[in-house]
Structures are given as structure tokens and as C-alpha cells.
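Heads up, the chain below is alone and in the form predicted alone; it's given as C-alpha cells.
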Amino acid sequence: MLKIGPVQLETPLLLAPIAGYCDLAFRLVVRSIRGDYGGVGLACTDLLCPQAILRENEKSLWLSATNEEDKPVCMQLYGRHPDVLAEAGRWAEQHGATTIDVNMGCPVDKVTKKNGGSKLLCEPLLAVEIVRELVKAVNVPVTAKIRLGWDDKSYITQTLPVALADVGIAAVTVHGRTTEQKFKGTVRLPGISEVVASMAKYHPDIPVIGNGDVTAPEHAKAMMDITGCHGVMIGRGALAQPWIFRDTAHYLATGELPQPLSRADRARIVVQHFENLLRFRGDRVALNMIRQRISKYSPYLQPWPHLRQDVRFIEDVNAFRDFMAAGIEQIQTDEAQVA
């Protein structure tokens, strides 16, 4: 099983820190979906601005919110100032972080234009200094999420991960694309393999986690088999299928897929997500967010005519509950007729 510093994970499967999606409400949904071989091993927060969490503004507090049900949890920080990141790391540790990750992989312009995210791949000395200071500042494991390089001419797969391990990084996650690619094309497994090989040579005790294009259990196993990585981080593939961790843990353990969740159970997961949003964010935010997220869930709830369109016009909490209850009842009727 995957171990990050002293933190032993139940499975080698991680939920990625996806901006705008991986809040506490969703992480608790993911954690609740488990099978005989477990589910998600570690879940990450949204990426966090160090200055914002130190000011404790409202948005930063709900982005970083966690509780005792949400363990183990990784808080991901982005930025370029070692002293500020170190201070933010201490804040994260005090507010429940099991591990702290440094974002060196985000390709989004609003992050890289501030010289954060994957822009740090172009400044390896600064990236190393950030990790050095953060490791000294906290008592929990520090990890980093990187890409293969800024572009095809600037791969860092055989240099930066080793340098980060030299100053105390506990694990490195590699998204198998360059910044220039963003999310286009296919993930480059040979690039992840290069990181695995270089780390095995110089720091064999530091795990490498692969990331990119994992939308089915078979993809996770193929990534681990081909690259030799020790774990897999799943991002966009989990947004529509939060049960992917349950299915993947089963597949890695047995070589077979588990019995799929029924449509009714998948619909109940949507209801659970909504109730979590109500619990943590209130009526207005819950309704707005479930309207956005229903487009992700919808393909896995079909046939359900006009689902996305109907949800768009629901403006009352109880109306949404009644709508979903009626839909689940219809699904159960349909399934009983087929049986």
C-alpha cells in the first residue's frame, strides 16, 4: 500500500485538487463510496492561495474546510514566496491537514501569470527553496504535484523530482503532460516512467504518483503497470463518477470489476452531494452548485429524460428533494420491470 512519509494510505488512490470542485461536500461523497477493498486513499482540497488563507477570508475558509469525517486530507498550496508558503503550511497543519502539497502543475493562465503553479518548473531553484522552507516549517509530510515540464524542450522529469526529494519531499505526483499541452492530447506515460526511474535510482523510498486521463479502473492499472508508479491520482474522471475509487480499488485487488452501482444508487449519491452542500454552504449555494454538477452526473443516470433541463429551473430545496425522490422511484420501478 502507498505510504507518504509516516502516513499509511488504505489504497494507492488519490482524489486530485480540482479548482472549483473538490470542496468538503464532494470529498465526503467520495469517501462514503467504499467497497470490499476500500475506496479513496487520500483526498485533496481545492488549490489554496497562501495569502488568502492567512487572511482567513470567507472563500479561503470554505475552500480549506475539513472535519473529522474528512481524513486523511491533503491541503494544496500554490505560490512562489517560500516564507509565505511556510507560514501558510503552518496554518494548514493547525487546521487539519494530514499532508501538504505544493502546486507545481497547474497550467491555468491566472496561476502561471503570477509565476505560480507549473511556472515553478521554469525556476527549479525556487521550487526547491519553497519545499525546503515548507518542510522545515511543518511536522506533516510535504508533497509536490508537477508536470513533465513547461514544454517539450524543457522536461524536468530526471532533475526536479530528485532535487525536491533531496530537501525532504515525501512524495511527488506527476501529471503526464507539459504545461503547454494543458489538458489536450493524451497523457504521456513514458514521461511518468522517467520520474519513477530517476527517483528509484536516488530516492527509492519516495513514492511517485501518476496522474492524467484516468477515467476507468483499467486506466489506473495500466498506468501503474506501464510506469511503475506507486499510486494514481484521479481528477476529472471522479467528477462524474465519484464511485471510481471504489471500482478501481476492487480492480487493482482482484483484476475484476465489481458489480456496478445501480442507477438508483447513483441518483442517491447526487442527493447525498446536495445534502452535504446544504449542510456546509446553505440553500442558495447548494442549489446553484447542484445545477452545475448535474451535467457531470447526468450521463450515468440515463435514461432520465430532460434531467439537466429540469434541474436548471428548480429554485427550492424541497422541490429538488421531491424531484430526485420521484426520479429514484421511477428508476426502481423500471429496474423491477426489467428484473
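This is a predicted model, so every value here is computed, not measured. Just count from 1 along the sequence shown to find any residue number.
Separately, the form predicted in complex with a small molecule exists; it is not shown, and the next lines address it.
Could you check which residue among Met233, Ala127, Ala97, Val208 gets a heavy atom within 4.5 Å of the small molecule in the predicted bound form?
Contact with the small molecule in the predicted bound form is made by Met233 alone.
Since the chain is shown here on its own, which stretch among 272 to 280, 28 to 36, 308 to 316, 41 to 49 would lie within 4.5 Å of the small molecule in the predicted bound form, judged by heavy atoms?
Partner-contacting stretch among the options: 41 to 49.
Does Tyr202 reach the small molecule in the predicted bound form, with heavy atoms at most 4.5 Å apart?
Output for Tyr202 is no: heavy atoms all beyond 4.5 Å of the small molecule.
Could you confirm whether Asp247 comes within 4.5 Å of the small molecule in the predicted bound form, counting heavy atoms only?
Outside the cut-off, so no.
Would Pro12 sit within 4.5 Å of the small molecule in the predicted bound form, counting heavy atoms only?
No, Pro12 sits far enough from the small molecule in the predicted bound form that none of its heavy atoms falls within 4.5 Å.
Answer for Ala16 alone: is it within 4.5 Å of the small molecule in the predicted bound form, judged on heavy atom distances?
Looking in the predicted bound form, residue contacts with the small molecule include Ala16, since a heavy atom lies within 4.5 Å.
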